[in-house]
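Read the single chain below, which is given as C-alpha cells and is the form predicted alone.
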C-alpha cells in the first residue's frame, strides 16, 4: 500500500525546461512545491571532461534506455504496433534536465500565422485550401499574447541572437549578441543575398559571452568545442535547466526535488472532478508513495503526458473511427518528414568544420510560415532553411562522401579524408501538420515492467507531407548551387513514416485551444475538465511549427506558471470556453 505524504501546494512531474520553469516560478512565489523526476540527479560536474562522440553521438548514452519503457508504433489502424527498442530510432531525454540537456540550442519564435493557422489560412486562401484529412486548428492564443513569455524565457536562457529581417519587431533586443560567423556561414549568407533572400545568424542557446540571467544564474561564454548536440555542456555555456531554472528552484527551502521518482498515475476524484495528487514509485527502494497536492502539473515529455492521462482515465480518449474524443488527438512532430535538404561537396574550398556549437548557424525564413504565397502550392506552412556548423568529430566527418563511394577500403578512405573539410549541409525545418489518423492510445499488447500498457503511436504521412519536403529540397539546392558546390547530393524523400522517431521533436496529444471539443487544455495549459490539473510542454502543440520547439515550450511554461498562481488564488477555470457554435 502506498505511503501517503503531506500535502503540498504544487507537485510537478518532470524536471526539464517545462517542469523546471514551473518549479522555479512556484518556488519564487512562495508555494510549497515538489518536483518529481524519473531519472538520476545529474549535475553539471557529471559532464566535465566527457567529450565522447562514440558514447553520445553513436550510442546515445544520454538518452532514455528503451528496453523497458518505450512506445509502440504503427502506420495503419489495422496493424499491430511494435515497440521501438533502439535509441538510434528514438531519442528521449533522461535524467534531471530531460531532453533540454542535450538540445542543440536553435532558437526561433513561432510566427503569428502559426498560432492562428486555420483562421489565417482560410482568410487568405479559403477553406478549400485545407485538406480533408488535416486537423488544422488555431492554438487559442495569439503571437501578441505569447510575446512577453517568449521574452521572459529568452532572458532566462540568455539567448545569443540577431533580428530576423522577416520576423515581427521585438519588444526588447536579444539578451546576448549572436555567435561568431564562420566562413561557411558567410558563404551561405552571401549566396542567399544574391538570390534575394534575407539571411541572419541563428539565435542560439549557446552563450556568445558571459551572462547573468534575471534570477542571478551565471552562464559562461561558449568555447565552440563541438560537443553540444546530444551532449551535456560541461562549461555551463548552453541554455539548459541545469544552468538556469533548476538551480533557481533549489535555492528556495519551499522546493523539494526527488529524483528516481517514477510517476505512474495522477490521482483523480471523479466526484469533485479534481486531481488530488500523484502516485509514484521510488526506484531506489521500490516503495510507492502518494503525493497529495492542491495543483498537479504534468510537465514531462509529450509521450509521458499523454500516457499518464490515459492510465489515470482522465479525459476522453480520441477515437479515429468516430473522430470523437480529445486525449491522444493531433499527435505530431518532426521525424523523417522534416529536415530534408542537400549536401554540397567543394573541390576547391576548405572549411574548419571541427570548431562549432549546437546552434552556430545561418538561416533564412523567406519560406517559413505564410511568408510566401501558397496559392499554387499543394501544402500549408513552411520552415527555415539553415546551414549549421555543429562541429564535426572523427566519426561524423567520415560520412562526408559522394554517392557511389564504397563504404570501406582505399577509395572510401581517400574520399572521406578529402571531403572531411569540404562538405556542407543545408536543410529545411518544415512544419508538420496533424491528421485525423495520427494519434496516441494505450497499446493492447505491450506493457512496461509494472504491467502498465505502453503508449501506442499511430502515425502516417498526410496530405502535403511529401510535397513540402520536396519544395524544401529544391530551395536548398538553389542556395547550394549559388554557394558554388561542385557536387550536390539531395536527401531522398521517404514514401512513408518509417518508425524512426529521430530528432527528439515529439508533440501533441493534449493540445491547447479555445474549444473543449477540439482541445484538452486552455491557453494556460489548464485542463478544461480538471481545473487543478495543468499539462505543460510540447504535448500542447496542435500542429508542429516550422522551427525547433524549445522556445515555445519555454514560453508556454511561463504562461502556465502564471495560470497556476491565478488558480491557487481563485480556484476556478481561467478561460471561458468557446464552441464551434460561437465561432461560427
Ligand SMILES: Cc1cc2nc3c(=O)[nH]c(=O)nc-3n(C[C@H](O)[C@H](O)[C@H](O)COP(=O)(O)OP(=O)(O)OC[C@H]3O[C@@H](n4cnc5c(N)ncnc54)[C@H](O)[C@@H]3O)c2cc1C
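Fair warning: this is a prediction, and the values are worked out from it, not measured in the lab. Residue numbers count along the first chain shown, from 1.
Not on display, but discussed next: the form predicted in complex with the named molecule.
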Residue (of 94, 326, 340, 314) lying close to the named molecule in the predicted complex, criterion heavy atoms within 4.5 Å: 94
Contacting member of 388, 475, 109, 456, with respect to the named molecule in the predicted complex [4.5 Å, heavy atom]: 388
Would you please decide whether residue 559 lies within 4.5 angstroms of the named molecule in the predicted complex, comparing each non-hydrogen atom pair? no
Find out whether any non-hydrogen atom of residue 550 is located within 4.5 angstroms of the named molecule in the predicted complex, and reply yes or no. yes
Is residue 299 a contact residue for the named molecule in the predicted complex, using a 4.5 Å heavy atom cut-off? yes
Given that the partner is absent here, does residue 24 sit within 4.5 Å of the named molecule in the predicted complex, heavy atoms only? no
I need the one stretch from 159-167, 503-511, 431-439, 184-192 whose residues put non-hydrogen atoms within 4.5 angstroms of the named molecule in the predicted complex. 503-511
Using the arrangement in the predicted complex, list in sequence order the residues of 103-127 with any heavy atom within 4.5 angstroms of the named molecule. 103, 104, 105, 106
